[in-house]
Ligand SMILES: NC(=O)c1ccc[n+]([C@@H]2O[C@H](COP(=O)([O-])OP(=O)(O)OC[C@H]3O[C@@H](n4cnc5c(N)ncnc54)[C@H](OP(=O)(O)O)[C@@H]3O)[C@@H](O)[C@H]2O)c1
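First, one chain by itself in structure tokens, the form predicted alone.
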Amino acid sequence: MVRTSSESAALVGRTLVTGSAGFVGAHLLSTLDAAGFEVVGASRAEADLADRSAVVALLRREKIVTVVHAAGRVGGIAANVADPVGFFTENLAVGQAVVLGAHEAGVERLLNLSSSCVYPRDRSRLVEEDLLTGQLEPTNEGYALAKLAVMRLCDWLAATSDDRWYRTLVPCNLYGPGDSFDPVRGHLVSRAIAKVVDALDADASAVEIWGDGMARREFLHVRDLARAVAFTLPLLESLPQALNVGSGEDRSVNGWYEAVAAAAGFGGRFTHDLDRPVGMARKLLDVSRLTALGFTPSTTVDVGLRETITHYRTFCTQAVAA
């Protein structure tokens, strides 16, 4: 049965988005609101999301029917390597409090957002059945373990309750306006944009890439993840416990830098620092299940990169100059 947007919004009910002040959460709020959902944001300003009692009070006060859990500490390879304890403990604490708080408050519907880093490091294409079947990538193990624990918590609550439709989406790496371009917290695409644009502004002739650039990565525009959330929220009862969300295509690290250079108009050369960590050799999600449900991304790489470059030039380079 195909539902109208108003029917979908009515089924989902009043929805709380955790981490609403963050990169993903802000896009979720705007996308869900535009699609007609009744949506409420929850950031650190609204409640301590690591405090289960505070979460329960918030959910009851706001009369929440559905939770989208997007809050958490995120960062690139450098940040994860520098503080695995922090990434593990903070994400586990928030995830536990939100999921168990939702259960205690009687919230029947919850969509948990995870990460492709939860997959074993030695698979070339990541299928949902591969979860929890192999060794994790050491450079982000702390973050991945926390995300896996929260995902399993959702699985157990759904399996042991007749009225708990708690599901997990596993997105690939994301990029887009509002991303972090910080040298420590930023991911591949945002850092490539920052380095290439900064090189252009400084009239530099070269940009450095970590490693040999041969590792392959899949990226999805954050707006398409938000669209996927809006698409899947009315379907929670029929979704598998874990569902991949991605573009279905990947590029080498060198390829991403070349795409950014083309979008920004950079004609210089690239150098490689072979002493830097590079992470998994490949992370490509199998998105056949999501595609079979009828969802496909709509933002092309060229359009997405140009949009994100414009955002960086408008909001980030001016802030640095000021």
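So that there is no doubt, residue numbering starts at 1 and follows the sequence shown. These figures come from a predicted structure and were not determined experimentally.
The form predicted in complex with this ligand is left out here; the points below concern that form.
Shown alone here, residue 185 lies within 4.5 Å of this ligand in the model of the complex, counting heavy atoms only. When contacts are judged by a 4.5 Å heavy atom cut-off, residue 60 does not count as touching this ligand in the model of the complex. Using a 4.5 angstroms limit between non-hydrogen atoms, residue 246 is distant from this ligand in the model of the complex. Remark: residue 304 does not count among the residues lining this ligand in the model of the complex, judged by a heavy atom distance of 4.5 Å or less. In short, of 31-39, 45-53, 269-277, 255-263 it is 45-53 that has heavy atoms within 4.5 Å of this ligand in the model of the complex. This chain is displayed alone, yet in the model of the complex one of 150, 118, 126, 172 has a heavy atom within 4.5 Å of this ligand; that residue is 172.
Although this ligand is omitted here, in the model of the complex all of 71, 74 and 94 have a heavy atom within 4.5 Å of it.
If you take 17-32 and check each residue for a heavy atom within 4.5 Å of this ligand in the model of the complex, you get 19, 21, 22, 23, 24, 25, in sequence order.
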